[in-house]
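Shown here is one chain on its own, the form predicted alone, set out as structure tokens.
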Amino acid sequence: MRISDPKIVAALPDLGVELRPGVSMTEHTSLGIGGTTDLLRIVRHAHLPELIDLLGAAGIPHRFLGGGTNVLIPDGELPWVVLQLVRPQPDVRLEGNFALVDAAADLGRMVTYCAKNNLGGMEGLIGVPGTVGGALRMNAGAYGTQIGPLVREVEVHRAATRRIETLRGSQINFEYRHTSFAPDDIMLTVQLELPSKPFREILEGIRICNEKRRASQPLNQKSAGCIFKNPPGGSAGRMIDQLGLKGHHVGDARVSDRHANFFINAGHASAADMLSLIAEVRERVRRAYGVDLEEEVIVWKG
């Protein structure tokens, strides 16, 4: 999707938006997969409602992209423009045990910054890639840690009202890899309440989690993290592994040899390759175990 109307192009700078035409999403996703479209980088968040109204009035569909670490984007010319927040400086502000964090902030850097100020509770999130907003949307978690219980307030652009609203943490339903945000809601800032801990204690927790990740995950390969959610009481990766599917591939889309729930782009995989691999593995698990695996990766569909 390209923005061809010169009036819309001329209006974008006044809304704090940078237009980057014809961008390949392979450059903006951890899988290195995705087609091309115009990218709108939002510098001034307060004008987001006006931007959404402008695009809607012009009949220009849009999708929002965070850090691009948990998403599979189609190939070819995309039917939407893509919106992305620009990370401001500073992106984390601390007041006592509260951290006000911009949604575009890198999750790992935020955890480290808070740790250096003796604020913990997020040790398990240190190796989870992506932005704070993405972690919030998916209620990201690992090694006994989830971000949801730490959330006190979220500033969000609500798709239903096309306004920026502030929600209390108690107004948000946090579940396993799911929240009550609408798919088109855009998180802007989040306030976290974090427990005080000595930096050395936090650092030790981070070290243990990092060692576990290095031992079990393909950290140096292109992936979107876990492809499937774990079913209740089970492990998607263990089931896929027990079926002997490590290394199984469709084109350059491959089940990781290190972690069977990580599917990697081993070269020049297309979205079609990855979708075929996902469908094949899901069907093999369904036939063998009677379990219908649910995707954890977000698949953009037209």
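So that there is no doubt, residue numbering starts at 1 and follows the sequence shown. Small disclaimer: the values here were computed from a predicted structure and weren't measured.
Not on display, but discussed next: the form predicted together with a small molecule.
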item: Check all three, H45, R63 and L65, heavy atom within 4.5 Å of the small molecule in the predicted complex; value: no
item: Among 46-54, 29-37, 270-278, 253-261, the region lying within 4.5 Å of the small molecule in the predicted complex by heavy atom distance; value: 253-261
item: Touches the small molecule in the predicted complex: H248 (any heavy atom, 4.5 Å); value: no
item: Y143, heavy atom within 4.5 angstroms of the small molecule in the predicted complex; value: yes
item: 4.5 Å heavy atom contact, K222 to the small molecule in the predicted complex; value: no
item: Proximity of H178 to the small molecule in the predicted complex, heavy atoms at 4.5 Å; value: no
item: Single option in L72, M187, C226, L85 placed near the small molecule in the predicted complex, where near means a heavy atom within 4.5 Å; value: C226
item: The small molecule: the contacting residue among R158, R109, R213, K197 in the predicted complex [heavy atom, 4.5 Å]; value: R213
